[in-house]
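Below you'll find only one chain, the form predicted on its own, shown as structure tokens.
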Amino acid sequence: MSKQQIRQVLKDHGKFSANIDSLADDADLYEAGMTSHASVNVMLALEDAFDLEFPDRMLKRSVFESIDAIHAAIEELTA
């Protein structure tokens, strides 16, 4: 599991106007233009891409607010 894979899911499902490759790993994805609706699509795509399911306790904005945060959550779920 790599941050590049996360970036690809964000590119495909995040509906960003900015180039996701130009964002830092700790950049706020919501400030970069991701809507709450798009974040649901991103979450579902991440679940498919990494063959996991985010538990209810992780269904909050902070888990999906940056590439670093998403990476940490996936690492926790796949540990």
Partner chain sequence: MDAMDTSASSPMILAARLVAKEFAAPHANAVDQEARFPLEAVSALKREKLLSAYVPVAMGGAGLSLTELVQVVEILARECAATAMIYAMHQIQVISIVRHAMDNLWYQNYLRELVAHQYLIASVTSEVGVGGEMRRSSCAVEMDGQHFKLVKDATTISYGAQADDLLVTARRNTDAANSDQSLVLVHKADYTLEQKGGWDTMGMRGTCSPPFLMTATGDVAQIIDVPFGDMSAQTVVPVSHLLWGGCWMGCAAAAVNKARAFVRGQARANPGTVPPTALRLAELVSMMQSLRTSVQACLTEYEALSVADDAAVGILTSMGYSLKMNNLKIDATQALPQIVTKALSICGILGYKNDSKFSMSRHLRDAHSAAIMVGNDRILATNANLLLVLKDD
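Positions refer to the first chain, counted from 1. Model, not experiment: these values are computed from the prediction.
The same protein also exists as the form predicted together with its partner chain; that form is not shown, yet it is the one meant from here on.
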In the predicted bound form, does S62 have a heavy atom within 4.5 Å of its partner chain?
yes
Taking any heavy atom pair closer than or equal to 4.5 Å as contact, tell me whether A32 reaches its partner chain in the predicted bound form.
yes
So, E47 and its partner chain: in the predicted bound form, are they within 4.5 Å at any heavy atom pair?
yes
Could you confirm whether M43 comes within 4.5 Å of its partner chain in the predicted bound form, counting heavy atoms only?
yes
In the predicted bound form, which of 5 to 13, 54 to 62, 67 to 75, 19 to 27 comes within 4.5 Å of its partner chain (heavy atoms)?
54 to 62
